[in-house]
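The data below hold one chain only, encoded as structure tokens and taken in the form predicted on its own.
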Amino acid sequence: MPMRSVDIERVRALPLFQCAAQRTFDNLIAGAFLQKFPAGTTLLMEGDPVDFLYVLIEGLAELQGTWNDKETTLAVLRPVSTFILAAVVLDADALMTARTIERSDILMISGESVRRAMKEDAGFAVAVAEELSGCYRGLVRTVKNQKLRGASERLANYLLAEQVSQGGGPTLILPHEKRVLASLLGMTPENLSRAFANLTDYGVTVNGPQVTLLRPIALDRLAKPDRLIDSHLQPSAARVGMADRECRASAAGTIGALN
């Protein structure tokens, strides 16, 4: 289906494409195609060759990994975001399965075109390097978060970060169902339930997807947020420059790019 000019502008505004020459961007878009996928569509399976760079224009997509009959959610993607960039650059197989959660519009850009553009356009190649470097740093934050913190500390930091991203009020809405949230935080659903119960003493109350933080100071003392792990603590000016390059520990872009 043809792309609307507003969608082309949204894709062009992504840091990955901002520094590309207009000719480079036009060539990438000219060979791409936009498709609508219903909810529950498998876009690619882990282990499959990756022929396209995917750009989520509308909808939601989930990245999953499996091993020994076990399955976990590694990331939930929201518009506008790219995914499978590392596999495209390396012309390698996918490390994860990608599925749509709801009806989604996805732009599919030829992986060969991306690799050719990197060779021909230095600005675009630098943007790819910055995207992957920033998301690598985000992955380091994620690993540190999961290895250095217990379940309750991880959940506390997640809630404080969400509170910031949702405007700083005492009440926030969990953006994912609890099964998905547990996977994103490196927990089982049972461990997540216990972690929420443990945070009751710190003023955390839960009503379905709605969470209220009644004692944020006490919760902060438990969480001990650290700017070298939690990127929402970066100074405002730095966050503006890195927002789309260095992904937050819970952000989907980290996993989406480094696949």
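Note that the coordinates shown come from a computational prediction; the quantities given were computed from them, not determined experimentally. Don't overthink the numbering: it's just position in the shown sequence, from 1.
There is another form of this protein, the form predicted in complex with another copy of the chain, and it is not shown here; the text below is about that form.
The candidate spot formed by Gly40, Asp105 and Ala156 lies out of contact with another copy of the chain in the predicted complex, as no residue has a heavy atom within 4.5 Å of it. Not displayed here, another copy of the chain is kept clear of Pro175 by more than 4.5 Å at the level of heavy atoms in the predicted complex. Contact annotation: Ile217 falls outside 4.5 Å of another copy of the chain in the predicted complex, judged by heavy atom distances. When contacts are judged by a 4.5 Å heavy atom cut-off, Asp226 counts as touching another copy of the chain in the predicted complex. For Arg99, no non-hydrogen atom is located within 4.5 Å of another copy of the chain in the predicted complex, even though that partner is not displayed. The contact with another copy of the chain in the predicted complex, taken as any heavy atom within 4.5 Å, belongs to Ser133 out of Thr171, Ser165, Thr188, Ser133. Site annotation in the predicted complex: the residue of Ile109, Leu160, Ala151, Leu95 reaching within 4.5 Å of another copy of the chain with a heavy atom is Leu95. With the partner omitted here, the stretch from 28-36, 190-198, 58-66, 203-211 that lies within 4.5 Å of another copy of the chain by heavy atoms in the predicted complex is 58-66. Residues Met118, Lys119, Ala122, Ala125, Val126, Val128 of 99-128 are found to place at least one heavy atom within 4.5 Å of another copy of the chain in the predicted complex.
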